[in-house]
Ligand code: UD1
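We begin with a single chain expressed as structure tokens, specifically the form predicted alone.
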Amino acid sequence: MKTIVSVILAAGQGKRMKSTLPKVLHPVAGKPMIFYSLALAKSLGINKRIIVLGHQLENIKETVDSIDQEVHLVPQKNQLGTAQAMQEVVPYLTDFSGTILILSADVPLLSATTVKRIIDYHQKERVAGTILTAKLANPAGYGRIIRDGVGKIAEIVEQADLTEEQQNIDEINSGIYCFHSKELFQALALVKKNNRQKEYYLTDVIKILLKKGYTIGSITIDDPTEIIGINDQKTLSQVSQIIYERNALRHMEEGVTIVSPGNSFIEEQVEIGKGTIIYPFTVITSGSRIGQGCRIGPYAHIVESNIGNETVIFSSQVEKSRIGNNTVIGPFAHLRPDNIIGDKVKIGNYVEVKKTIIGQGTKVGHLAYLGDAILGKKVNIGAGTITCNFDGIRKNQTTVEDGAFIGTNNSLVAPVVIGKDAYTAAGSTITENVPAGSLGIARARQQNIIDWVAKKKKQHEEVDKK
């Protein structure tokens, strides 16, 4: 869309959030609030995209760059209202003639379908401006749409400036607009701050254009949920839940069973295969891919991970790892980043794994720590086994080759190699390589001291007499 520029207004401080975090960086269903409007503008194919930033600009800039590196950042230094924000944009568009789409960063539920409706109407009707409106049962807090006797828009009045009679009007301004650039720029130059808030309102542009005889059109949204603006923590939570449930519904339509959509937290940009079951209280973050026929949860947390088919993960956390097919993880396992787990692997309760490759058919049943390790196929890791990978300066590698059997309560002091089909005895601290097919024993020989308890008891009695 070469004849359209999108402008996202994101300079507000968000005082009602009562948080040190900039308003637009608050997470909405796992994504920064600003993500949704940036992604929306990009999905529409708009080539020139602008975002106006003010409060904590540098902190927000880093997040914006991670989402859309092609967006143009415009600082709003004084933050004296929405019209003043648009005035800051004007110097960046001196050579532009066409449609300017204005979005708000705190309206994350707005759909591409709705925005296309505004754009299409605006360009087809050739009006100076188009407003997205909605009718609400409780319009409190929003500017109202004032229409004349024949139903045409006469003006927009902000909540703070409403008369008692106007407060009963249920049609509200969403803050989403299309303008023709020429008329918008002319009107912006005439906006005054003669209102209770002493700010430059973008809604005054409508009033100015109407006085000049221009026509202002409108589109009334079908689902008012789309234009919910986030201004406090309560609404933040409500909008997040709506997005989570929308995401769940989308996966259900593709053949995924989600036992409790209201208690499953699946972010945007997640792939889930048909026949997979998602149990309650599961969190799946963006960038994750889950295969077909899996069982995930309850109480699973999947972070940017790739999981194969027919795999089970319950009551466990998996971070930035790759897991094969027909593998079982949990309960209460923790896979930290950079693991590659093969097919038919078992990782049981209270096992922590970090930066480790585990081959097909290997079992790590319970109570173990594996870090910076390579395990071959069909390895058995006994309970209480740990890889001692850190020597105080660097991380060292432990290698356990195919078919090896690691006894209970072993400490494998890296760097060390346990050969193919080798065994290590229970209770061993292995500091040297164990050759293939051999048994490694590294523990003190047991010594029994006969009548030790009776002698100890007698010593205590003698001390007590003194």
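Counting begins at 1, following the sequence as shown. Predicted model, so just to flag it, every value in this text is computed and none were measured.
The discussion below concerns the form predicted in complex with this ligand, not included here.
Trainee: Using heavy atoms only and a 4.5 Å cut-off, decide whether all three of S174, Y201 and G229 touch this ligand in the predicted complex.
Mentor: Looking in the predicted complex, the three residues S174, Y201 and G229 all sit within 4.5 Å of this ligand (heavy atoms).
Trainee: Which among 314 to 322, 355 to 363, 258 to 266, 82 to 90 is in contact with this ligand in the predicted complex, heavy atoms within 4.5 angstroms?
Mentor: Stretch 82 to 90 is the one.
Trainee: Is G143 close to this ligand in the predicted complex, meaning a heavy atom pair under 4.5 Å apart or at it?
Mentor: Although this ligand is absent here, G143 would touch it in the predicted complex, with heavy atoms inside 4.5 Å.
Trainee: Can you tell me whether I206 touches this ligand? I mean in the predicted complex, with a 4.5 angstroms heavy atom cut-off.
Mentor: I206: no, not in contact with this ligand in the predicted complex.
Trainee: Although this ligand is absent from this view, report whether E158 comes within 4.5 Å of it in the predicted complex, heavy atoms only.
Mentor: Flag for E158 set to yes.
Trainee: Please tell me whether any heavy atom belonging to C294 falls inside 4.5 Å of a heavy atom of this ligand, as the geometry stands in the predicted complex.
Mentor: So C294 does not count as contacting this ligand.
Trainee: Only one of N339, S181, S288, S104 has a non-hydrogen atom within 4.5 angstroms of this ligand in the predicted complex; which is it?
Mentor: When this ligand is considered in the predicted complex, the option within 4.5 Å is S104.
Trainee: Find the only residue in T276, Q76, N380, N389 having a heavy atom within 4.5 Å of this ligand in the predicted complex.
Mentor: That would be Q76.
Trainee: Pull the contact list for 3 to 36: residues with a heavy atom within 4.5 Å of this ligand in the predicted complex, in sequence order.
Mentor: Contacting residues: L9, A10, A11, G12, R16, K23.
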